Each structure stands twice: as C-alpha cells, then as structure tokens.
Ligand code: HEM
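One chain is shown next in structure tokens, namely the form predicted on its own.
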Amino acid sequence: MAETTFAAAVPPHVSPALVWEASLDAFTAEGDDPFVAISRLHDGPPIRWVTDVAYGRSGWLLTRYDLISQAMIDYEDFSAERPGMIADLVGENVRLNPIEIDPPAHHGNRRLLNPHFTPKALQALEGAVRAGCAALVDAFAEKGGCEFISQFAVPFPSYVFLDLMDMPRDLVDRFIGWEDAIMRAPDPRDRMNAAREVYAYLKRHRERQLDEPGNPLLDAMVHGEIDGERISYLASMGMFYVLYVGGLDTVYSTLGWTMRHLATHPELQQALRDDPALIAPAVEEFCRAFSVVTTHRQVARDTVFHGVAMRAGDEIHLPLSLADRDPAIFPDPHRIDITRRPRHIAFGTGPHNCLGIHLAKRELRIVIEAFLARFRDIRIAPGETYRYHTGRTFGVEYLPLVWERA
C-alpha cells in the first residue's frame, strides 16, 4: 500500500533524486520548536518534491530565501489563481480578492483597498485597537496571569476586524468559533459549514452597505470602480472574505510566538521597557523569526526553475519561515536580535504582498507596549509548558502566563 501511495504522489516529470517521501506537517511538529524543526530542510536540496506537502497532497517545496522570493514575484510562472480553493468551501465561484487574482487584474482591485491600509489611514483606527487591547487585558490584569492564547491572542485580532468592518463586538465569540473551525477542524465538512456561515454573514453585511453607506472601506468594496466599471458582486465578496481570513490567524499566531519569547527572555522585556523606541525594530525581528505562514502557488505553465522541470498544475509551497531563517541571508538565524534590521518577507513580497502589513505591525506594537507597561516579570507559569500546532500556519495553542503588576 505504501509503495502505491508513493508512486501515485510522484508524477513522471519529477526526478527521483528530488523526491522526499514524508509529511511536512509531521516533520515540522518534531521537537518543541517548529521553526527550528523546519529549518533542518536548509541542509538538503533547495527544491524538493514532497509526497505529503499539505492535506495529503503532493507538490514542490522551496527551502531558500532567494527562491521563495523569486517564486512570489514571478506571477507569470507561479500563479496565485487557484480555481476552487475558496469557491468549494463557500459554494460560490469566488476568489480571495486580491490575494488569488494575478496582475493585471490584481492591480485594479488592490488600488481600491490600498488607501485604507496606509499608515496614515490606520491612525484613525489606533484608538479602537488600543481600547480593544485594554479591555481584554483589564479582564485578567488583577488575577496575576492568564492563558494568553484563548484570553487575548485569539479575540484581539477579531476585535480589530469587527471595528474595521463596523460590526458589533458582541459577535466576537461567533467569529472566533468560525475561524477555529475553518483553520483547524479535522472534518472537512465542519470547515465547509463554518466557511459558509461566515460567508452568509458577510453577504448580509455587504447588502446593508448598499443602502447605508458611511464606512469608507466598506463603501469602496461595495461601490468602488475598477477600470471605469463598478466592482462586481463576486469581486466584492472576495474582498469581504479576504479581510476576514487575512488578519485573524496570522496576527494571533505571531502574537503567541512573540509573547512566548518575551516570557522566556526577561532581559529583553526590561530592555524594551527601558527604551520603548526599541519596540518597533523588535517587532520587525519578531516578524522575521516567527514568520508563521506557508503560502502556495500553482505552476502556471511548463517551466524549468533553477534546473528543475515543473509542469503546469503542480503545486508549489513557500514556507516563509524557511525564507526568513535562511542562514545564507540571516547569520545565526534562530537568535532573536532586535538590532538586526532584517529584510524579511514575513508578509510576502511581489504583487501579492500582504495588504494588512501596516495594521499587523501596529497591532503587535500596541500589544507589546500594553503588556510591558502593565506587568513585570512576565513568565510561563511554573510547572506549565506551551503547546503549538503546525500546518499552513504555525500557531501557539496554549500559553499560560503569570506576572507581577507594574
């Protein structure tokens, strides 16, 4: 049986020398640090064919910063347009917009959204982000500790999303439940049901904007024009859905790894308290070291990439953790060095770089500022340990913290 599965997973054009018969998810879950675990691939070939690269599917895996960057930039050979990925979940022929739309169509859709995610535009949201952070911290501040993931890291980006979309915060539990099912439910039917419930709610919210304009971002997604024509229903829904999925899992995961590191490095906590100007470069280094996402593309046409023959339709997977811990680019890559000033690609590169990059960094900075200002000696609770998951996103699942009040 194993030989049959292996043979079926390797197309004829793949050189046997490049085949790695393994589960990537299982490999990254070996040990207590998935970033160190996956970085073992730096010792092998820069391009591999993995028989279980994701969800039991086979495909290419790139393991070096330069190759991953090149594939993200080259949309003509490595397309982000993957028919059926979201459509199969939600039951409509929709794509994540603009993530799953290649240039030139990508540019018009992106232009509608860009003005609402500049640092200047996001200043108007900062008060609400700080208020959401403070409200969550207030709930456990006097208790001397918290389970950071469930009590803060998961609900916090959901608050930000609800504020951004003019939705009531009392929806937070419902949105968190949907998110968890979409990202991690073992039964595909549960993932599909959660995705369809989210999509139905977003559809109703969009319909309300048709008659009640006011929020500039929502107005752009509903009434905006692309090349002189009003945005289509499916393009609009693709934007609504991408804003839902785009910031929740990534921000919560990065927050978890960041707080775990701070909780085990009291000297860094104190350095950031003593000089808050160091928090911004620290955020950049945390984003590099904890690049949580594995993105992927589809080979658009037969090509030879760095000597490797690839065929149209092949999947190609791009773990950003492998790029941003590549020792050829970042000396001593597993060491957190806030003076490093890294040229990381934690938010991607090329035309599909993350729309919410400035918002995500602002959220991380605000959270670090809040916890360091209100608490001293933040640490993992004695006798406890943390738990994590791998997959398309590396995330901390359980992080029990204790502290002293400032």
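The structure displayed is predicted, hence computed values, not measured ones. Numbering starts at 1 and follows the sequence shown.
Form predicted together with protoporphyrin IX containing FE (HEM): not shown, discussed below.
Trainee: Any chance G247 has a heavy atom within 4.5 Å of protoporphyrin IX containing FE (HEM) in the model of the complex?
Mentor: Although protoporphyrin IX containing FE (HEM) is absent here, G247 would touch it in the model of the complex, with heavy atoms inside 4.5 Å.
Trainee: Might L67 be said to contact protoporphyrin IX containing FE (HEM) in the model of the complex, defining contact as any heavy atom within 4.5 Å?
Mentor: Contact with protoporphyrin IX containing FE (HEM), no.
Trainee: A346 near protoporphyrin IX containing FE (HEM) in the model of the complex, any heavy atom under 4.5 Å?
Mentor: It does: once protoporphyrin IX containing FE (HEM) is placed as it appears in the model of the complex, A346 has a heavy atom within 4.5 Å of it.
Trainee: Is C354 part of the interface with protoporphyrin IX containing FE (HEM) in the model of the complex - any heavy atom within 4.5 Å?
Mentor: Residue-level check for C354: yes, a contact with protoporphyrin IX containing FE (HEM).
Trainee: Tell me, out of F117, F305, Y201, F140, which residue has a non-hydrogen atom within 4.5 angstroms of protoporphyrin IX containing FE (HEM) in the model of the complex.
Mentor: When protoporphyrin IX containing FE (HEM) is considered in the model of the complex, the option within 4.5 Å is F117.
Trainee: Could you check which residue among R95, H317, H106, R325 gets a heavy atom within 4.5 Å of protoporphyrin IX containing FE (HEM) in the model of the complex?
Mentor: Result of the distance check: H106.
Trainee: Heavy atoms within 4.5 Å of protoporphyrin IX containing FE (HEM) in the model of the complex: which stretch among 357-365, 373-381, 25-33, 55-63?
Mentor: Contact criterion met by 357-365 only.
Trainee: If you look in the model of the complex, which residues in 235-257 sit within 4.5 Å of protoporphyrin IX containing FE (HEM) (heavy atoms)?
Mentor: Counting only heavy atoms within 4.5 Å of protoporphyrin IX containing FE (HEM) in the model of the complex, the contacting residues of 235-257 are V242, L243, G246, G247, T250, V251, T254.
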